[in-house]
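What follows is a single chain, given as C-alpha cells, in the form predicted on its own.
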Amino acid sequence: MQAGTRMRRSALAGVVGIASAVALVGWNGAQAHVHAAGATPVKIGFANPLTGSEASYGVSDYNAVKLAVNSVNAKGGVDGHKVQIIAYDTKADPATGIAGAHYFVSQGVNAVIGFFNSDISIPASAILHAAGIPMVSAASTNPKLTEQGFHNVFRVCGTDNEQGLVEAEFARNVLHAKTAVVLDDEEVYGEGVSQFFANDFKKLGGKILSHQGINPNLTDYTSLLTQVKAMHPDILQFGGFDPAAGLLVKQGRSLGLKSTFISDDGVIGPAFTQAGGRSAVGSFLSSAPSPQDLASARPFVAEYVRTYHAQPTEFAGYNYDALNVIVQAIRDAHSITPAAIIRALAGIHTFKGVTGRVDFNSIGNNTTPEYVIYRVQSNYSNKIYWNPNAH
C-alpha cells in the first residue's frame, strides 16, 4: 500500500508464539525451521509487516495463518504433506519486501501469501511470476496488482476502486454531501483510494474543491487544514494510514473544521483513535467487514481469541482464507508443484471461507468482496453505520 520514503518505527522486537511447522524469517536472515515429518512439506511463504508501524496488522494476520496451518496439520496435512510457513518481515518497506520475494524463490516455496502492502505486492508479483510461484494476496488492494497479466497472482480481498466507490456513494447518497476536499498520503494505497473516491464522487454529481497529497510523517497540518476550513467542504476524505489520519482530524477540529471525516481501512486500527482522541469519534471509515461482524467468521474469531487473547484485525480472516484457498488448490490438483497449484487456483469459484465466498475471475480477483462504512463510537470502537450489501 505504500510508496515513497515513508519512515518506519520498530514497534515490536519480534513475533512470539510461533506454532509447530512454522518458520519465522527476519530481515537479517535468521531462521528457526521446524521440519515436518514424513512427506515433503508444503512450503508457503508469508510476507507481512511483523515489526514497524503497521505490525499490528501483520502480526494479527500471521496469527490467523498459524491457526489455519495448525488446523490443516492436525488433520494430517494436505494429501499427506504437512504445511510449513516461512514468514518474512517486510517492515512495510518496499526494498525489504521485494528482497523477501527473492528469498522465497531461493527457498523453493510452493506458494506465497502476501504481500500486505500494494507497493510491495506489485513488484514482488513480477519476481514470483518469473519464478512460476503462485501468490495469493489477502490485503493488497491496488487494482494494478491483478492487471499485469500474471496468471500466478490472485487476491481474496477487494480492490481500491470498489472501496473508493463505496465511500463516494455513502457521501453522496447517504450523507447527501455536495462538496469534498480530498487529501492522500501520496503512497500507492492511499492515493489510489482517494483518486477513485474523487472520480466517483464527481460522477455522482459532487464537486471536488481540492485534491492534494500530504507528507504522512509530519506532526503539524494546521496550515493545510486552515486552507481546507476556508473552503467549507461537506466532506474531508483522506486516503492513507494512521496516525496521520488521527492528527488531521484532531487538528482540524481544533481549528473549528466541521467537515465530515471519511477515510479507509488503512485507518481503522486503534492508532487512529489514539492519535485523534475524542476528535476521531463520529468519523466514517470504509472497510471490508471485520471478522467480528461476519456470521461466517464467528468460529474463527472464537478460536483466535481463545488462542491469542486478543481480537483479530480486519484482514486476519482474509489471510486465514488465503492459506485455506491454497490448501484447497493443492487438494484439487493432487500436486504440490507451483504450476499445478496455479492452475487449480484459477478454477476456484465456490470456496466458502470465513470471510465469505471466494470466486476468482479471469485475472485473479475475487468477484464477491464486500465493503461497509463504520462509524467510530464514543468508546472508540467501530460500529457498522451503512452496509450497501444489506438486502
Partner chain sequence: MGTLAQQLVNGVVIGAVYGLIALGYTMVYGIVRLINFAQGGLYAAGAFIGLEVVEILQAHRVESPALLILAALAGAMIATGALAFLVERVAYRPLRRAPILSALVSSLAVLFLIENVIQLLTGAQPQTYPSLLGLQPWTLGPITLAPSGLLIVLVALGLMGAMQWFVQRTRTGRAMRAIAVNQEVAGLMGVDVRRVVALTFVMGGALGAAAGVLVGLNYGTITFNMGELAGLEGFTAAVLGGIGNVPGALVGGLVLGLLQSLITIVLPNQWNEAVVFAVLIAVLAFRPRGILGERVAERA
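Numbering follows the first chain given and starts at 1. Quick caveat, the model's predicted, so the values are computed rather than measured.
A second form of this protein, the form predicted together with its partner chain, is not displayed here; the remarks below concern that form.
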Exactly one stretch in 170-178, 100-108, 74-82, 207-215 has heavy atoms within 4.5 Å of its partner chain in the predicted bound form; which is it?
-> 207-215
Contact between residue 302 and its partner chain in the predicted bound form at 4.5 Å, heavy atoms?
-> no
4.5 Å heavy atom contact, residue 281 to its partner chain in the predicted bound form = no
Does residue 229 reach its partner chain in the predicted bound form, with heavy atoms at most 4.5 Å apart?
-> yes
Would residue 127 show up as a contact with its partner chain in the predicted bound form if we use heavy atoms at 4.5 Å?
-> no
Three residues, 52, 56 and 254; all within 4.5 Å of its partner chain in the predicted bound form via heavy atoms?
-> yes
Its partner chain: the contacting residue among 144, 202, 250, 151 in the predicted bound form [heavy atom, 4.5 Å] | 250
Out of 162, 293, 186, 234, which one falls within 4.5 Å of its partner chain in the predicted bound form, going by heavy atoms?
-> 186
Go through 272-291 residue by residue and record those having a heavy atom within 4.5 Å of its partner chain in the predicted bound form; state none if no residue qualifies.
-> 274, 275, 278
